[in-house]
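One chain comes next, on its own, written out as structure tokens in the form predicted on its own.
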Amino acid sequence: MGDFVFAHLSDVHLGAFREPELRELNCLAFERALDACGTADFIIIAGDLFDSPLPDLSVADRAVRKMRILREQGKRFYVVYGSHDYSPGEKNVIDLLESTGLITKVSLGEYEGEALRLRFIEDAETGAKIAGMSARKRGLEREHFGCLDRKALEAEDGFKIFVFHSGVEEHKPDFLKGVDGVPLSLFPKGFDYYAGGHVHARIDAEEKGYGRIVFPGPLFAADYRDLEDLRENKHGFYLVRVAGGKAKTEFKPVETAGVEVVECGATGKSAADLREELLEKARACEAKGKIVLLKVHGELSSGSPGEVDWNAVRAAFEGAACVKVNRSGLSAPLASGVKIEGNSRREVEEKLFHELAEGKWDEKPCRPLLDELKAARPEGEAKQGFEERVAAKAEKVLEALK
């Protein structure tokens, strides 16, 4: 086996955002990452290539077109399911891509008694041997780690890569301290490179008896926290050069758009005052070409968050690539003297609607509207499709009021 190079990506989360501007930047990050893989013999994607088992077809088509170019150049893709693109008991987009020959799924194994025996995939051009574990929903893959036939994996010779999509208990960032990971003791020893995914932070560590344990972190972002992190830290992937059986990592940042965070406190202000202050901050912000993260928090002295006119505020950030508003910490004045009792949640909700309406508006449509908004997303349905479907049903309820 000679020297070679491979790329290690994870947590691409294509299709994660509902904002078209962020969806575009996410796709662009993936395309630019693949453009930077020119020296790589093969590419490992350690889970969550897509944000859903059944992503938006336009997003999937764009990704496939780019991957097809590299595949035609002779590069190979090795992929495990992530916790987002895994779907129990049914085919999903990762299965579809494998059936076309575009990718190779790494997680191949079967139970013999209580032992889970994984099979190695040998890359034909380099001789690298790849094994791994796909993720499950809610971290259930930990049970499978406990059943691994580690001795058989450890006995294999050659340059070995273990691909997985789980947090390692001993290498969790602070923001995951309360989340269970897989203990290092459940991993097979003696691999030359452990290609991790799922942890949205960059980690590159050596462990005695194991080898190099690496998490690239998100390629772009999947949520608001990732976007905040993007302001301070570069996101990207690793190029790994193997020479003399030793792996040397090089982090490759992927540039898309800068991030600007704007914060505003609402405590003691009316909704109209808050709107004016936000417009002033927007006009003073150098937003051109940037992702603006607007964080608004506190309790209004009067009015409601809905009276702020958020569309006008977004538009005031002139030239911004996208304005994403986080107002989860913003609240209206609490209603005083409202005490509701009932024998069921439904009865309490209906009494609350009646109390808040005070005879000034018709509370009857509130019940069907709330029912639509409380609907749970079915397993396997894309987040964007679910949100659009719920929004359409809610609009029908509101249309009936006209």
Partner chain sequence: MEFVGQIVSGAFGEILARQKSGEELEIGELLACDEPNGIQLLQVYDLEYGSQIQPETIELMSGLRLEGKGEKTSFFEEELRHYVLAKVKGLVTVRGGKAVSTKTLPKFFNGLRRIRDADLSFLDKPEKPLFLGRLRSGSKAIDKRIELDGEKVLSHHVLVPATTGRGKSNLVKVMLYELLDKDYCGVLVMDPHNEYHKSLKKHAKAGEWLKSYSPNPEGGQVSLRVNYAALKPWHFNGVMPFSEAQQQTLHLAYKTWEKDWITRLLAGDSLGDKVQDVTLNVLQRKLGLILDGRVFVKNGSETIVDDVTGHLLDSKKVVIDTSRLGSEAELLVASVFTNALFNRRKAAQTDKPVVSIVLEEAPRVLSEAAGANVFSSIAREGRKFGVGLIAITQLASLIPREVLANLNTKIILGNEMKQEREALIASASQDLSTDDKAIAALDKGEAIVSSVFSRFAVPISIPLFEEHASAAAASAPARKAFV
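Computed from a prediction, not measured in an experiment: that's the story for all the values here. Numbering follows the first chain given and starts at 1.
There is also a form predicted in complex with the partner chain; it is not shown, and the following applies to it.
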Legend entry - Interface residue in the model of the complex among 232, 157, 72, 114, criterion: non-hydrogen atom within 4.5 angstroms of the partner chain: 114
Inset, instruction - Taking 4.5 Å between heavy atoms as the contact cutoff, choose which of 109, 305, 258, 298 touches the partner chain in the model of the complex. - result: 109
Legend entry - is_contact(residue 281, the partner chain) in the model of the complex, heavy atom dist at most 4.5 Å: no
Inset, instruction - Using a 4.5 Å heavy atom cut-off, state whether residue 172 contacts the partner chain in the model of the complex. - result: yes
Legend entry - 4.5 Å heavy atom contact, residue 136 to the partner chain in the model of the complex: yes
Legend entry - the partner chain contact at residue 122 in the model of the complex, heavy atom, 4.5 Å: no
Legend entry - Contact at 144, 150 and 186 by the partner chain in the model of the complex, all three, heavy atom at most 4.5 Å: yes
Inset, instruction - Just one of 313-321, 176-184, 258-266, 236-244 has residues with a heavy atom within 4.5 Å of the partner chain in the model of the complex, so point it out. - result: 176-184
Inset, instruction - Could you run down 205-235 and flag each residue that has a heavy atom within 4.5 Å of the partner chain in the model of the complex? - result: 207
